[in-house]
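There is one chain below, alone, in structure tokens, taken in the form predicted alone.
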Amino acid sequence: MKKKYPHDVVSSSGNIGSAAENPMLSVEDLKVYFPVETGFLSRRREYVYAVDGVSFDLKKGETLGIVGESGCGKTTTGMAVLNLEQPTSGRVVFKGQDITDFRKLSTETQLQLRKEMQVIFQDPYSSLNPRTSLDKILEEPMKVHGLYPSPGERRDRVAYLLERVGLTPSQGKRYPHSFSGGQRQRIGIARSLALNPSMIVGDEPVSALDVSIQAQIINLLIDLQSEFDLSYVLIAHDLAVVEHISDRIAVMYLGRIVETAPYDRLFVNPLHPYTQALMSAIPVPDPKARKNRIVLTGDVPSPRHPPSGCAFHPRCPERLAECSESAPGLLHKGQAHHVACHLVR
């Protein structure tokens, strides 16, 4: 059973985060724009507004779930936090240090940050080198960062990690193709733990797995968080998945956070129409039970040409006239619940 943390507040920096005075991770007005050259001889430059002003804080030992439809910018947000994507603007602070632009940091600092901040990729098939055995996959980061200098220490560490994620040391000589999808994702989790990180970004770590395997992986992540004192940023498109592991949930739409709240409050009282639509899509295990499904009309707008005002207004069944004119800011609705919607004012 995972720990639950006190409800969040707006931090002194204006971020929506935990009540901790010094959060482990602070993201302030993060923007990631991808240039697109168009027109005759590619003279005109437009941008894909993948992430357009995201802010949040993350406390040590906490799990923040980021959810939304495909293309909403949640993965780009996670990659920008890790500096695997270069932010266009904004600020990322990790343990009190500004890490927005890795290029300005010393090599020693970059290596230390890579140890502290790890990632679990979405696809367990393409994220592992098919020509490298399992034990070498896990040993490689230790060699690069100088951890466990002797071969014997590295072998012991690899054996421990394999056992901890539900595999056996004897499987270390095998190659990724001989494992199932769930086993490969366990390997990816073991690799993320190899350097003793303090924060892990999970980029939809269970979306490519069967439902029964998803539950096993989520339970494994919960157990590892307690044992290794980890903080998680868990990216998913399924609210039912993040419900069981997240302390807080942030809902993203077209590059922006539209609602955030502690997991229990969000599921009891979703305020944004988009969150309500996502909630209504969660399957109910009782075949006799009926849910009022909210079906959104139209397609998700292009992040290259986002609509004016509230980005959700073209699909919102309750939109007001002002929704197309001005973008709402995040409003505090009590008990660490924030929502960006003109309807809830």
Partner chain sequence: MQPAKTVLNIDSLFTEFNTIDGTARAVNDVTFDVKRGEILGIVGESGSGKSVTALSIMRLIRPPGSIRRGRIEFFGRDLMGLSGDEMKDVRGNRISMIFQEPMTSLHPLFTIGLQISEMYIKHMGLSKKEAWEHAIEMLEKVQIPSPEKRVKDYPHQMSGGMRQRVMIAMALSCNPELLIADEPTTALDVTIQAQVIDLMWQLEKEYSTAIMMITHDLGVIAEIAQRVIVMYAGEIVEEAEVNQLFEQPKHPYTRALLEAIPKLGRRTRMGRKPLQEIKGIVPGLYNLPAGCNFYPRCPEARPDCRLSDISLIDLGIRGRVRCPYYQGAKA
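Everything quoted here is computed from the prediction, not taken from an experiment. Positions refer to the first chain, counted from 1.
The discussion below concerns the form predicted together with its partner chain, not included here.
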### Task
Using a 4.5 Å heavy atom cut-off, state whether residue 46 contacts its partner chain in the predicted complex.
no
### Message
I'd like to know whether residue 215 contacts its partner chain in the predicted complex, with contact meaning heavy atoms within 4.5 angstroms.
### Response
yes
#### Entry: Exercise: residue 243 in contact with its partner chain in the predicted complex, heavy atom 4.5 Å
yes
### Task
Please run the contact check for residue 305 against its partner chain in the predicted complex: heavy atoms, 4.5 angstroms, yes or no?
no
#### Entry: Heavy atom within 4.5 Å of its partner chain in the predicted complex - residue from 228, 267, 160, 175
267
#### Entry: in the predicted complex, the one of 99, 239, 199, 224 near its partner chain [non-hydrogen atom within 4.5 angstroms]
239
### Task
For the three residues 31, 36 and 92, verify that every one has a non-hydrogen atom within 4.5 Å of its partner chain in the predicted complex; reply yes or no.
no
### Task
Select, from the options 316 to 324, 52 to 60, 22 to 30, 281 to 289, the stretch whose residues sit within 4.5 angstroms of its partner chain in the predicted complex by heavy atom distance.
281 to 289
### Query
Can you name the residues of 68 to 104 that have a non-hydrogen atom within 4.5 angstroms of its partner chain in the predicted complex?
69, 70
